[in-house]
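Only one chain is given next, in structure tokens, and it is the form predicted alone.
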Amino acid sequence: MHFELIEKREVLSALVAKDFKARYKDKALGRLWSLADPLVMVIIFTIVFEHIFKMGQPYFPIFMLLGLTPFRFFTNSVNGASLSAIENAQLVKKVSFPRIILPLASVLSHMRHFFIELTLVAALFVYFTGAFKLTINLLWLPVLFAIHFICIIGVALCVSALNVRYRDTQYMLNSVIQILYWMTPIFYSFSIVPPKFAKALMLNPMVGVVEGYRAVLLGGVAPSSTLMIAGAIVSVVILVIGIIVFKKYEKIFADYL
């Protein structure tokens, strides 16, 4: 499969470009929409949690964006991957290529959106002088991103294959994502979670990813080894399951499209 991906990299690049351009087609603001949505959410949550509930979290807009932006990357990638084979049904039926390219292209396309949204995070770091911590612990960022990416790919492979065979997968996925949204410390800190719930939340790899990004960028410290190891183990397990599920169902894609 690895060599097939290398041989068909032109197909992968074309699908990534197609998916990326389609999102902004006929939109007046173009790529600015990648910034508008998270910006509106940050403004609303800042008003609610900082000015109404008086949460008192330092640099709350950045704190929240470092949770919201990674989670949006996860959500958008998984939702896109769930429809990747269905939306390319004619391609699947007529062209021979590794089917894994379809969910992978969706994830890579949304990774580009993720990097665009990170410019908003960078802008807030510039605005809030002193928020950014330039330390050696920035070297943890590639490790955190790897855990983040592996988790997304694993889930993407699962849902992309299952949704071809069972079309109600995408509807169940919406409910699961809503649950994960509240189980991920987006507008709250993992440190306030009661111990009896903390172990359960650690099974969500996004917890370690979000808390890790915040620790490195806002705190200037190394990520929690416990959260990071838990996130890495669960992400790898999800990836293995994703590969198994995808390989099981990809052979019958054409029969159900």
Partner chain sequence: MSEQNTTPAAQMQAPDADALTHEAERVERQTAIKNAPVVIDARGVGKRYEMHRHRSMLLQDTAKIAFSKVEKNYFWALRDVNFQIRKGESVALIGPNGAGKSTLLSLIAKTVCPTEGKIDVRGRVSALLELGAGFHPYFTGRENIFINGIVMGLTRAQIEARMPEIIAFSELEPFIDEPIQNYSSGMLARLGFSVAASVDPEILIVDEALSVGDAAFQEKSFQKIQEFKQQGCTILFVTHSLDLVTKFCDRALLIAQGQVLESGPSEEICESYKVRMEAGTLQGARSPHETVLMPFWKRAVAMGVLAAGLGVVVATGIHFVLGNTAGMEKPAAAKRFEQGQKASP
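Residue numbers count along the first chain shown, from 1. Quick caveat, the model's predicted, so the values are computed rather than measured.
In what follows, reference is made to the form predicted in complex with the partner chain, a form of this protein that is not presented.
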{"property": "Sole residue of M111, A131, M183, L91 within 4.5 Å of the partner chain in the model of the complex, by heavy atom", "result": "L91"}
{"property": "One residue of V126, I136, I179, V95 in contact with the partner chain, assessed in the model of the complex (non-hydrogen atom, 4.5 angstroms)", "result": "V95"}
{"property": "Stretch from 111-119, 145-153, 69-77, 165-173 whose residues place a heavy atom within 4.5 Å of the partner chain in the model of the complex", "result": "165-173"}
{"property": "Any non-hydrogen atom of V240 within 4.5 angstroms of the partner chain in the model of the complex", "result": "no"}
{"property": "Any non-hydrogen atom of A14 within 4.5 angstroms of the partner chain in the model of the complex", "result": "yes"}
{"property": "Partner contact for A22 in the model of the complex: the partner chain, 4.5 angstroms, heavy atom", "result": "yes"}
{"property": "The partner chain contact in the model of the complex: K18, any heavy atom under 4.5 Å", "result": "yes"}
{"property": "Any residue of 97-113 that, in the model of the complex, places a heavy atom within 4.5 Å of the partner chain", "result": "R99"}
